[in-house]
Every structure is written in C-alpha cells, then in structure tokens.
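The structure tokens that follow cover one protein chain in two forms, given apart as structure 1 and structure 2.
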Structure 1
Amino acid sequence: MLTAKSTVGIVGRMLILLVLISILAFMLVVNAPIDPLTSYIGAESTLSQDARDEIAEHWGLNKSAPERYLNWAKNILSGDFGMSITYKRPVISIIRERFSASIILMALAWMLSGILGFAIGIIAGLRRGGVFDRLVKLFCLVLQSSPTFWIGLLILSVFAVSLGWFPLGMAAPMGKLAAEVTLGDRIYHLILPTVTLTIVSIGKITLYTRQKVTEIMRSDFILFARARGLSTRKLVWQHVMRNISLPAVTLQFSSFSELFGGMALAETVFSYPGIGTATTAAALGGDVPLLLGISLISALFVFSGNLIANILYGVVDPRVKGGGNYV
C-alpha cells in the first residue's frame, strides 16, 4: 500500500498546489477593476478622502500585491479569513454554515447518482444493443449535453409549478423562524435540488459502467466462466462487479469538480442557501474576502476528491502501486 515516502510526496504536492491555486485566485481577484474600498463602504458614501486613505492604509491597500498576498496568506494560516462585505460576518462562519448545507445536497446526489448510475450501467451493459440499452444510452447522451440549470428549471416547472408537489425553493418554508424549521421541512425542500443534481451527474457514471461491462463481458475469463455453467447473476456478482466497482468509485471521486459546478447552478435555480449561491452573491457584490475563501475551500474539496481517486487507483491497479507519484 502507501509507503511513508509516497505519503509525504502526496502531502507535499498537495500543499504546493494549494499555494499555487491561492496565488492564482488572489491574482485574479486583485486585478479586478472593482475597488474593494468602494464595495465596502458603498458607492454613495460621503466619506472624506482622508478617511478613505486611512482605511486603505489600515487594510494595506497601498502596498504591493505580493506583500498583500503574504499578509492575506498569513491571516489564513492563523484561521482568519476576514470579514465578508455582503453578509457582514466573518467569512469562515459563513463558509461553515453554507458549506454544511451544500455538503448534504452534494453527498446525497453523489451517492444516489453513483448507485443508480452503476446499477443502470450494469444492466444496460449486459443487454448491449437491446431496447433498454439504447434508451439508456440516448438518455445519458442527452443528459450530458443539457445544461444543469435547464434541467433544474424543467424539474421546477413540472413538479413545483404544474403539479405543486414540492416547494419552489429555499431550504425552509418562508416566514418560519429558524428554530421552528423541522427536519421534515428541510428534507422536503432538499428533494428537488437533489433530484436535479443526481440527474445531471448520473450520465457519466452510467456510460462508463456500461462501457466497462461490455468490455468485460467479451473477455476470455467470462467465456470460461460461462462454459463452467455460471449463471448470469453469479457472473455479475463474482466477476463483473469485482472488475468495475473500484474504477467506478474512483471515477465518482474524480468528478468532484463537476459536482461543485452543478451544485452551484442547481442552488441558484432553487435559491437554496448553500455555498453555490454564496459564491454568486460574493462575486456579484464584489465581496473579495468571501470569494477568495470560497475559492480556497472549493479547491480543497476538489483536491480531496482527486486525492482519494488517485490513491484508489493505486490500490486497484497493481501497475500503479509501485510508483509513488499519486497526485
């Protein structure tokens, strides 16, 4: 399995990559034409020029970009992400609150799409060329080509508007106090966003599983197993599953980046108060600290997915096991 040396290597590369990503994000944000001071105090403020200079001095806005980056990085390392301008609260507490709401959504959709996609993929792969298989393939191709927010809008208009089965959005009923919101309310409001995100992410895993199953079914050891008189059910459990389950799990882990993007769009459609809507609000409102904080967290999120995927590759594939370069 993992040697001590390769573990150190992974962690080292991870840190370097995070630093690079933070520099990239910082550079992008710093070069924005939006003046952080104006977005903080508002455009119609009557603050005198002296007072403005004082705030700029206090924030270190007159320093050079590398100095500001170092300053920011130092604060991040001590756990201080700064204050959000839009929400007037510490960034870290917003991220914690919003991310926990989004994590539930993403985890549910991730697992549902994984399990359903895997099962459908196996069935379709076993019946390659049949009606079911062709329908699945067509469906998945269309799904992969359709924008997340459009699927969200359709689901919203069918299930929430026409049928009225589900609420239009938000994480809790309107006008209810936060303390009164029950678990049932939350689940009720979570269903449509989850369904949307599941549908959007199911295409890739289904097509992948289907392809793999077909390949494996053509291999010699399956022919041999069939010759021994193994039933299809046993064949699937003993040979097919073993060969494709880990690669499929790996694929699911490496799709965190798309999951995050899909989540952001789905949240916007259903106005679900998660990290996705916070990202849009931060970028539209010129809220630099929050935007940077979210970028870092999302990079960490994607990174952990890729890391798990790469380690799993090493576990699954004996050819990769020897090498130490996982990331």
Structure 2
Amino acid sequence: MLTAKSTVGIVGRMLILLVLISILAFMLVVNAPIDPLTSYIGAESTLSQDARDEIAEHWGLNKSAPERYLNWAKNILSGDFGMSITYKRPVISIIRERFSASIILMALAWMLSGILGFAIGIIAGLRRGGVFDRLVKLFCLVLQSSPTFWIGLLILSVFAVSLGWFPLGMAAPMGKLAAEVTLGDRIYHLILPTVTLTIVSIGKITLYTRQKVTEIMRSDFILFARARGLSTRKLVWQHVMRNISLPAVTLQFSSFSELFGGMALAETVFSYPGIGTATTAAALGGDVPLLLGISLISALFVFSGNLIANILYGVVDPRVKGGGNYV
C-alpha cells in the first residue's frame, strides 16, 4: 500500500519532472532552425513588415524566450494550454481529440506486443538452441535494428499497395461523414498501424524473456525440481512464471516512452490522425504551445506507466511493497 509520505514523494517527483521536461522542450523548440512566423505565413508570403509584426505580436512571437515561457507557465497554472499556431485551435482540444484516437492504437499494440512477446520468449527460452529459438532471435534482432518508418512503409507497400487487402491509411474511409463511419471501418483502418507498432515493440520483451527463462532453467533449483520429477509444464507455472513476471512487467510498462516515439512515426506513415501526426506537424511548424502541451501529456503518460508498474509489483509478488522509484 502507498503511504501518505510516499504519495507526497510521488507527486513531488512528478511535478519536478514536468517542469524540467517543459523547460527542455521549450529550449529545443525555440532554438530549432524553424521560424514559427515563416511557417505560419509561408516562405513565399508577400505580407508587409507591419502585417508580419502584427501576427508576431498576436502569437507572442515578438517577446523574448524567457517571457514567452513564463507567460505559458502562468497560463498553464490556470488551466490554459494556449492556442496552437498550426491548427488555430485551443491546444487542449487538439490533444483531447488526437489522444483519444491514439490511445486505442497504443493500447492494442502495447497489449499484443506484451502478450505475444512474453509467450514467444518463454517458448524460445525453453527450446534454446533449436530452430524456433534461432529464428525468433534473428527476427527480434532485425526488428531492433530496423527503423519504425521503414517497417511501416514495408507493411504498407505489401498489404495495402501490392495485395490491396487494407486501406493506405487514415482512420476512416475518405468521403464518408463522421456519422456514417462504422466500428468495422475504424477497426479495418486500425489493423496495419497496430501490426506495425506491435512488431516494432515485440523484440525487446521477447529477447528479455527468452534470456531470463534460459537463466532460470539452468539454475540449481530447477535441476533439483527436475530431480523430484516435476514436468516442464509444472516447472514453468510454479517457478519460471513467478521469477520472470516481475521484470517483464517492469520492462513492458517502461516501454511507454518508446511506444510514443514509434507511434509518431507509424501514424505519419499511415496518415493516422493521432497525437503522433499532431506532434510532427507542430515540430515542423515551430508550434511551441502545442509541442509543450504534448510534451506534458506524454510525460504524464510515461510517469503513469512506471507508477502502475510499481503498484503491480505487490500483485505479482506479495513480497514487494509500494514505495519504489516512479521516474
């Protein structure tokens, strides 16, 4: 159970984390070679200097970097995330809309990669040195060294372009009104992005589980259990699962940050209207309010994953109590 002291510590670390991330994100965006004003009006714009100055004043681009950050921080404390320069809409409404689309994609990919990676890793570890183990290891190593966008483009080229089994992208069929889009349409458009993210995320959990299973199966207590006549199935359920569940939970929940990074590339490849494509558009347009808002939400998401992992420790292994590290 989390005590009051540990809860205060968690909240304090979370606040410090958010402040540091917001400062770092702001510095990176401000020092980027992209000019927000030029992105807003276009490189070939014929607007007069007076008009440019008015636009810069409207968006606060004429102020110094510290002033802009302090104004943003002050507004955040009152619940105002600002207006997006790219979308000309409140940042919080964009994040809410895009995140609701991305959370389904992330949840499906996260669960599938965790379940499949864990199961495949156990089987490969039990058959170490066999054909299946070698194929799994080769497949995972190739995945670990392949960029997400390349895998996405490959899947898109094969299953959408060559075979024509799935749509080229988007979250719904083009030309259909939102009210006309069915659940089947949304699932159909989710398949390829979900498969891409699952494939990208499955390698690490598979290799890690395989290695832990191999170490456990070579340990002395397993040899002793075999000498007592326990079958492989009982060994897995009574000893292997108990010893690999805790580190597997840690690894899977810590993959939230990597999932966010892969999601941005996957959504861009498949033109999926989620938080990833919004991040890409904001970065290319130097949209500071939107990027900072997404950075905060992403940090909270990753922090929540680590917190849930620590809470689940006590469920997986009752010997572990709350109060671990959450960041």
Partner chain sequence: MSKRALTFTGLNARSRMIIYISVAVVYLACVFVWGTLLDPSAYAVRFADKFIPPSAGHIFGTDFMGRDMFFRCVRGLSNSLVIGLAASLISSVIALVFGISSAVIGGKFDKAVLMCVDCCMGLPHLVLLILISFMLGRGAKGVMLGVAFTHWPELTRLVRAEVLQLRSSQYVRASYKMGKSRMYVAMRHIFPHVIPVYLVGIVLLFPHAIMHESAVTFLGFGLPAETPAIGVILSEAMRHIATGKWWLALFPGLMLIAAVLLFDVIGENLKRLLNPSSAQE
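Being a predicted model, the structure only gives us computed values, none of them experimental. Residue indices: 1-based, along structure 1. The term rigid core refers to the maximal set of C-alpha atoms that superpose within 1.5 Å between the two forms.
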inquiry  = Can you tell which of the two structures I gave is the form predicted on its own?
reply    = 2
ask   = Does the distance between the two CA positions of Gln211 reach 2 Å or more between structures 1 and 2, the core being superposed?
value = no
inquiry  = Superposing on the rigid core, is the Cα displacement of Ser157 between structures 1 and 2 2 Å or more?
reply    = no
query = Looking at the two forms, how many whole degrees does the smaller rigid part turn against the larger between structures 1 and 2?
reply = 10
ask   = Core-aligned, what's the Cα displacement of Arg68 between structures 1 and 2 in Å?
value = 3.4
